[in-house]
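Form predicted alone, single chain, as structure tokens, below.
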Amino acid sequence: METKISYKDTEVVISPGSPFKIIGERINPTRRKKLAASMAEGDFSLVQQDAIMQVEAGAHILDVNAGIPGANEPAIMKGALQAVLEVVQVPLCFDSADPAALKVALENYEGKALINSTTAEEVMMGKILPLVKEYGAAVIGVITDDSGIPATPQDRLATARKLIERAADYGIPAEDVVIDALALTVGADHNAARVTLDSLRLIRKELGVNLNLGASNVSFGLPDRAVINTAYLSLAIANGLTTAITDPTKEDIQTTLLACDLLMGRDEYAMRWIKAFRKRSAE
């Protein structure tokens, strides 16, 4: 199954048969005080720096979040997307639960965007899915619903199925729904990663859709987070993960993803691995 995201003539295909796709996470003011302050003042120079840095590091899609408490999110979202597209030409993922901010972003975007995200909560689906349909976007569906976070892989499968079926009610095809199986910190529950990995495998087998994770959440609150994150991504890819919202500027993560593509048969004659090795060696 292929999920296609585009900006103008640039298309990114998310699928099990394609190289792993990175959604760059850095344009997000949450827990980044300097970035939040500059965005709130209408200064998007740091946003542009993050955009360039992430694309140069290998991001295929950029996540754009404009959620700043007390600020005008629609206006900031519009300014951020315009600033990003002045310096890079890659598809964007609009990260907001505010329909007004999403609408402004989609109205000012030339291509097929990705929306991050909706849950299976009735109110959220009713707000986000009509926008997905109206603007021909794709959407990340996070498998939590009005009852909370499903505890078992079987329950997460049922929630994923509900998201896909509700999207179909709006005329949105399954290939335009990327399921997020929820990465939760193992610092709070040592079984959290195991449940998510089992969920990925089950959803991939039963529904065939593409799968996403906010991968770095798994290590929240723990030391040596990068080590945990890279190991988790490797395991998740082996269980069907096809894209992740992560930081491509972390060299260990980028190298791990290239190695996973090679070992999963998605790097013909190891050309991408060799090219990346030569680039690292020359630095």
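Since this is a predicted model, take the numbers as computed values, not measurements. Don't overthink the numbering: it's just position in the shown sequence, from 1.
Not pictured, yet referred to below: the form predicted together with a further copy of the same chain.
Comparing 40-48, 54-62, 225-233, 242-250 against a further copy of the same chain in the model of the complex, the single stretch with non-hydrogen atoms within 4.5 angstroms of it is 225-233. The candidate spot formed by His190, Arg201 and Ala270 is fully in contact with a further copy of the same chain in the model of the complex: every one of the three has a heavy atom within 4.5 Å. When contacts are judged by a 4.5 Å heavy atom cut-off, Ile237 counts as touching a further copy of the same chain in the model of the complex. Contact check for Asn28: every heavy atom lies farther than 4.5 Å from a further copy of the same chain in the model of the complex.
Heavy atoms of Arg194 reach within 4.5 Å of a further copy of the same chain in the model of the complex, making it an interface residue. The closest heavy atom approach of Val12 to a further copy of the same chain in the model of the complex falls outside 4.5 Å. With contact defined as any non-hydrogen atom lying within 4.5 angstroms of a further copy of the same chain in the model of the complex, the stretch 1-20 contains no contacting residue.
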